[in-house]
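The form predicted alone is given below as one chain in structure tokens.
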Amino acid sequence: MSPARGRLAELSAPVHDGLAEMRACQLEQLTEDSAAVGDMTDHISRFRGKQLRGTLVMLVGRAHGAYTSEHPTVAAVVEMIHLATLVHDDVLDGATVRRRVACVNERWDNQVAVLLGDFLYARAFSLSTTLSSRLCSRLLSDTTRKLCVGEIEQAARRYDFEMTQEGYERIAGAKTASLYSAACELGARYPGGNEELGASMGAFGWEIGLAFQIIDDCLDVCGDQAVVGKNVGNDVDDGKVTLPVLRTYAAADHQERAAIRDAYTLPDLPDRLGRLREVADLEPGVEYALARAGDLVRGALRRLEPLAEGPAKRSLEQLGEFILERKW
């Protein structure tokens, strides 16, 4: 086990048994009589990754003292929605590798990948209807809407080098932070009530989720693909102008700005990220973005102060450091 994965295992230790239940629940939901579907669900089981969102559902529940026998099932619903977004994102991004294995769209094709993502959404929401409370279904259906809106807005703002940081954060928050927020709110509120703490924990999830996305965007322009475990440079290839590039562009002179735009838009460039790295000093923009992620995490951690001291709260506190330091 790598040091990073070992660190993640330590952070999730307070909900170790719940994670085992969550994974068993996911496996049951992904089991299908169709051999074709079974082949694909076996393949995406290797996309398991960090499972931070499901872990957050249970850690917040433990830290708040509101953990129920249904929290692992809620976590499974959250993780299945996240898995569906990954499959669809890979189609949108034209990605070929995730978790060091071929993406569904690469091993099969885009049509199959879209259908598999739809299958995962269907299974997730079907599972949510078996819970004793409708809170999970209501909150996650609205969250899925936000995810879609974020992706649509991001597509509409391709090649927008004049986008404000506020605009970037609104889009990044919708497409990534909203599911973190929902996971934390569900951890605090499920099966119902305690709306004030739910809102506070939802804000905690939003801030660490946005920080996570900012780090992801930094890794996409400066990360090592062998370490990250998925394609880097996808954002540049797809015309997405993320925070580190926005800051680099804002500080550039006229000539450098033109070269940055060319790296994104000139036809038939075999390596757009490589060209971008050649024509622009990305380091100050990356440093700014990392500092913004740090500010978000520090703000999020202050929201944990009302929670009782214990292993779950300590894991939530240390999770922020893990997000800031991650390289994958």
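Not measured: the values here are computed from a predicted model. Residue numbers run from 1 along the displayed sequence.
Heads up, the form predicted together with a further copy of the same chain isn't pictured, but that's what we're talking about next.
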| query | finding |
| --- | --- |
| Which of 161-169, 131-139, 195-203, 249-257 lines the interface with a further copy of the same chain in the predicted complex (heavy atom within 4.5 Å) | 131-139 |
| Any non-hydrogen atom of L266 within 4.5 angstroms of a further copy of the same chain in the predicted complex | no |
| 4.5 Å heavy atom contact, E151 and a further copy of the same chain in the predicted complex | yes |
| Proximity of T68 to a further copy of the same chain in the predicted complex, heavy atoms at 4.5 Å | no |
| Contact test in the predicted complex: S45 vs a further copy of the same chain, heavy atoms, 4.5 Å | no |
| Single option in L301, V279, L282, V37 placed near a further copy of the same chain in the predicted complex, where near means a heavy atom within 4.5 Å | V37 |
| Residues in 299-325 close to a further copy of the same chain in the predicted complex, defined by a heavy atom within 4.5 Å, in order | none |
